[in-house]
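Read the single chain below, which is given as structure tokens and is the form predicted on its own.
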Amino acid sequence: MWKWKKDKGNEFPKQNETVKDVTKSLEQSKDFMVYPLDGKTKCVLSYFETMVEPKVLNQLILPALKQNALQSLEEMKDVIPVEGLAITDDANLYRQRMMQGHVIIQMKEYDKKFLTIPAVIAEHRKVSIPEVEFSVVGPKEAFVESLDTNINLVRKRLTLPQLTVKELNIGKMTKTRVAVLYVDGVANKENINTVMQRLNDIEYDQINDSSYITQMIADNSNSPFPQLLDTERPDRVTGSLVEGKVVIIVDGSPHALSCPTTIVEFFSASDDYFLPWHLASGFRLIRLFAVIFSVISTPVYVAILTYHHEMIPQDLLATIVSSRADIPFPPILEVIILELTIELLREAGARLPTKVGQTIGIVGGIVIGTAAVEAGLTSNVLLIIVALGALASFTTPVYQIGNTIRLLRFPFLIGAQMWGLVGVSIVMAFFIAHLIKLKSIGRPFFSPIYPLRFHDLKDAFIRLPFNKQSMRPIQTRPVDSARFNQKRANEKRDVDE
């Protein structure tokens, strides 16, 4: 976990500051305004012009002050028609409220006692369709950068008084708002306390996105596997909350974090719950097969051509030998050249504008692949395998695990070059052992495979019908483990029929 060094040079804000000290430091900024009001009500208004909503200031605050003869901050608090007003003399709160877009009112300049009025400009992107986790069927709403809007998207889907929201401010300088959501009476208290404790222990100067939180509270920050599920879909967050999980939403981030999670959840798409269970299970199995193929296809190619020629059927061996007749490189170098080329095309396509990026990916792949085969730098058989492997890696519904899969094939390639299929097996055993040891907020990450939980397998590699999933996943240790009474549901169905 990243730590803030607690030396004197890094203390922010400074200790024992007065309201006058804070005001003097803020006056160095051009957009900081100090407005003395001299009329029926005499007071001093201070605010950042670039953060305050002009309509709130000009239509609600100033008319209330000018039309009434107010002699105290208490009277102003009763007259100004704005919610969330507070009177305090805390200098640190003075700085914090000012930086959050509040208007500060003092009877005289530099008075210790002041009134804070929320007036921040509420500018944020409108709710749009998901871009990363797009689904053909189902809801078409995605999170935006506004924390309040994101909580609203969750609450309108989960209209429960038990839905609890706890808010923290994290970041020495940014003071980013972070909300922790859970369903009281379903979520395990130990999971809630673990998340809250890890968030409170974060000591870093800035939190700009939920990905910062992912790296800082993960059980093993050195693991390539993501241990918190990142999603932009409110419906997926609602499903996690109902299962007894804890959700983290960061202000300024269009993604939410769900924990504890398991490895199989990263291969479950939202479409799996919007389609009949037969189709959903088939597509999920195809997805899992594609991921395995993407990781081990090129390492197996290197291992067989380097050490295990006898495993290739003679008819296929003739085709491979003819395709590699003029190739001057060994299989491992041939694979690395193509794999790096694919990664270059991916990065170029991701960094360019959408329409240009798609063109670069398609045209670049065709031109470079054809030229590499004609120039004798690689075989056409390997080109097909690498292309299929790259295509299979795009089937992952969660972007984070897709990046992990891109990285995993390189250790497998090294093992294949050194010891053949034995090396592939050793690397695989290493990663399986790592997954068995890995945890997500203190819960087994490799569940329900290890520890083996037959009950949770109902929604792992395949998805059984909803009426067969009467219990919540054991992995989250929910307080209330029953979703519904399966016997009563079946009886009701029989009566209706």
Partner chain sequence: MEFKKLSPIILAITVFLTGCIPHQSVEEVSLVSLSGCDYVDEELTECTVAIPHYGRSKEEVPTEQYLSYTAKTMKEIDNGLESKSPRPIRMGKLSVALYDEDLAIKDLSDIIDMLARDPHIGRDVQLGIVGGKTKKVIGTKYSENQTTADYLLGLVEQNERNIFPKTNLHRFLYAYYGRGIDGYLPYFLWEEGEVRMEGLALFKGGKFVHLVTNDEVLTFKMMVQNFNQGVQAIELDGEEVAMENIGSKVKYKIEGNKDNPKFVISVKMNGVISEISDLNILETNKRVKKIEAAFSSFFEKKSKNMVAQFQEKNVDPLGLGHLLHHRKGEITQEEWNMRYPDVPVDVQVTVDIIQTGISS
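Positions refer to the first chain, counted from 1. Keep in mind it's a predicted model, so treat the numbers as computed, not measured.
Another form, the form predicted together with the partner chain, is not on view; read the next lines as being about it.
So in the predicted bound form, does Leu228 come within 4.5 Å of the partner chain, heavy atom to heavy atom? Residue-level check for Leu228: no, no contact with the partner chain.
At the 4.5 Å heavy atom threshold, is Tyr273 in contact with the partner chain in the predicted bound form? Close contact is absent here: in the predicted bound form, Tyr273 is far from the partner chain, nothing within 4.5 Å, heavy atoms only.
Contact with the partner chain in the predicted bound form for Pro331, defined as at least one heavy atom pair within 4.5 Å: yes or no? Taking the distances in the predicted bound form, the answer for Pro331 is yes, it comes within 4.5 Å of the partner chain.
Using heavy atoms and a 4.5 Å limit, would one call Leu340 a contact residue for the partner chain in the predicted bound form? It does not: once the partner chain is placed as it appears in the predicted bound form, Leu340 has no heavy atom within 4.5 Å of it.
Each of Val34, Ser72 and Gly84 near the partner chain in the predicted bound form, meaning some heavy atom within 4.5 Å? Not one of the three qualifies.
To verify the annotation, which of these, Ala325, Val136, Ala350, Ala375, has a non-hydrogen atom within 4.5 Å of the partner chain in the predicted bound form? Residue within 4.5 Å of the partner: Ala325.
Using heavy atoms only and a 4.5 Å cut-off, determine which of Val367, Ile312, Ala122, Ile292 is in contact with the partner chain in the predicted bound form. After the contact test, the surviving option is Ile312.
Counting only non-hydrogen atoms, choose the one of 280 to 288, 301 to 309, 265 to 273, 187 to 195 that falls within 4.5 Å of the partner chain in the predicted bound form. Checking each option against the 4.5 Å cut-off leaves 301 to 309.
Contacts with the partner chain in the predicted bound form - residues in 104 to 138 whose heavy atoms fall within 4.5 Å: Residues within 4.5 Å: none in this stretch.
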